[in-house]
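A single chain comes next, written as structure tokens; it is the form predicted on its own.
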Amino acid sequence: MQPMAEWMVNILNWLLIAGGQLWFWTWENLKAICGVLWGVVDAVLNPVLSPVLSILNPVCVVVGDVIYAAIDLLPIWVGLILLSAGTGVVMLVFFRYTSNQTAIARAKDDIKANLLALKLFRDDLRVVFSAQGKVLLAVLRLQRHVLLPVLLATPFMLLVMAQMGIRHQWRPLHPNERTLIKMTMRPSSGKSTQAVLRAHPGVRVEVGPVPGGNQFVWRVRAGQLGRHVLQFDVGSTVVEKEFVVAKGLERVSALRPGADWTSQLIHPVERPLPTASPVESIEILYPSLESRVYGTDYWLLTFFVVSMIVALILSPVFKVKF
């Protein structure tokens, strides 16, 4: 019996190890395939979306400044909830007029009718199979009618979340607080290119620039309060970066991006660096905004929960079906 038990244990161990290896192999290959597909999609979208965002972002930042100025006297969490609720109402109205409400209602009625048929005629296999097929088709129709307005609303939602992110994902530096500034160079700029941060009352350099790979890093300490513009001498080029020192909630630009459209979408405040610039991006490591309601990452949860609850509650008022 002992050899038999050991043999079974060995077989089980082999199956577990082989299964684990197969899982990791599948996962790594899936990531590689998704990476290739995303690279193709990104290469196609970037020439179109990059110039569009360079025009839209400044307008959105101004609109965001006006809206946040209007709620400046409210507690931060109240302002976030109001903005989330307002976004839910806007999306509800948008969905109402961009979706085929008649087709959605018909698909939902078909689902209900065929589910009732499944319950009433569960002993009749012909009716059961027919009703199951009709339920599946109705669900697919419903998803198709819902998906189109969702896709149309996605660009608006991304622009809204970008404006909220630059105010809730990070906070400004406080006077005398330390941070790092990272400048990433383009591969074509050459290793001999040097970078110098000009003296500015808003920042004091403690260490740097420290070269490493294709980056220069400074450790700095925040100076005077204000929204400052730092200037870097990079070879014969002058590159600028916004630097915010404040005590309250203000928008910050954690990254001045290059021409990549995804970076422009997430960091919309500053215009993208020219393609001819030797600098690819400049990043300031702003501290996280500490709050479990409106702070770093948590603001997204609050935004989605509040906007969805408002949309569900008000859907009968606006006569919206989804």
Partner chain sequence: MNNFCLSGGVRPASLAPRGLCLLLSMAILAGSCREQDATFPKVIVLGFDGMDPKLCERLMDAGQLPHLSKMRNNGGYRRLATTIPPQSPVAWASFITGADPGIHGVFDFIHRDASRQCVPYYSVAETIESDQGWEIGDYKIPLTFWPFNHQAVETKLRRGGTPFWDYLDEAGVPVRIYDIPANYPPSPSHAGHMCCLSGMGVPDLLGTLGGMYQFFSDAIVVARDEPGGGGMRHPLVFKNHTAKGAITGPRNVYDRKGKSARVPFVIHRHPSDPTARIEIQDQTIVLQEGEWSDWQEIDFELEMPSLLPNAHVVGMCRFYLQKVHPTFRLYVTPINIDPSDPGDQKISEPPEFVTRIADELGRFYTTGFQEDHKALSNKVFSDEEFRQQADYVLEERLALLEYALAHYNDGLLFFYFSSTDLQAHMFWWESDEKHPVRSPTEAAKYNDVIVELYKRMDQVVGDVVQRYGETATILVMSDHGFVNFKRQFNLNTWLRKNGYLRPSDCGSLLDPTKGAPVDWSRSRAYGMGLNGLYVNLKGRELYGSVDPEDRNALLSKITEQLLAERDPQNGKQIIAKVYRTDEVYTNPDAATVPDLIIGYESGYRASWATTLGDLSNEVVADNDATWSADHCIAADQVPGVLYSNHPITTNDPSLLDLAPTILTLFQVEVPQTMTGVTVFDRKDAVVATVGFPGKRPIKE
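Keep in mind the model is a prediction, meaning the values are calculated, not measured. Residue numbers count along the first chain shown, from 1. Superpose the two forms; the largest set of C-alphas matching within 1.5 Å is the rigid core.
Note that the form predicted together with its partner chain isn't included here; everything after this is about it.
Only one of 81 to 89, 207 to 215, 231 to 239, 113 to 121 lies within 4.5 Å of its partner chain in the model of the complex by heavy atoms, and it is 207 to 215. Contact here is defined as any heavy atom lying within 4.5 Å of its partner chain in the model of the complex, and by that definition not a single one of 96, 102 and 287 is a contact residue. Heavy atoms of residue 313 never reach within 4.5 Å of its partner chain in the model of the complex, leaving it off the interface.
Among heavy atoms of residue 17, some come within 4.5 Å of its partner chain in the model of the complex.
Among heavy atoms of residue 108, none comes within 4.5 Å of its partner chain in the model of the complex. Proximity of residue 180 to its partner chain in the model of the complex: non-hydrogen atoms within 4.5 Å are present.
Think of it this way: in the model of the complex, its partner chain has a heavy atom of just one of 219, 141, 200, 227 within 4.5 Å, and the residue is 219. The Cα shift for residue 312 between the shown form and the other one, taken after rigid core superposition, is smaller than 2 angstroms. With the core held fixed, the Cα of residue 301 is displaced between the shown form and the other one by less than 2 Å.
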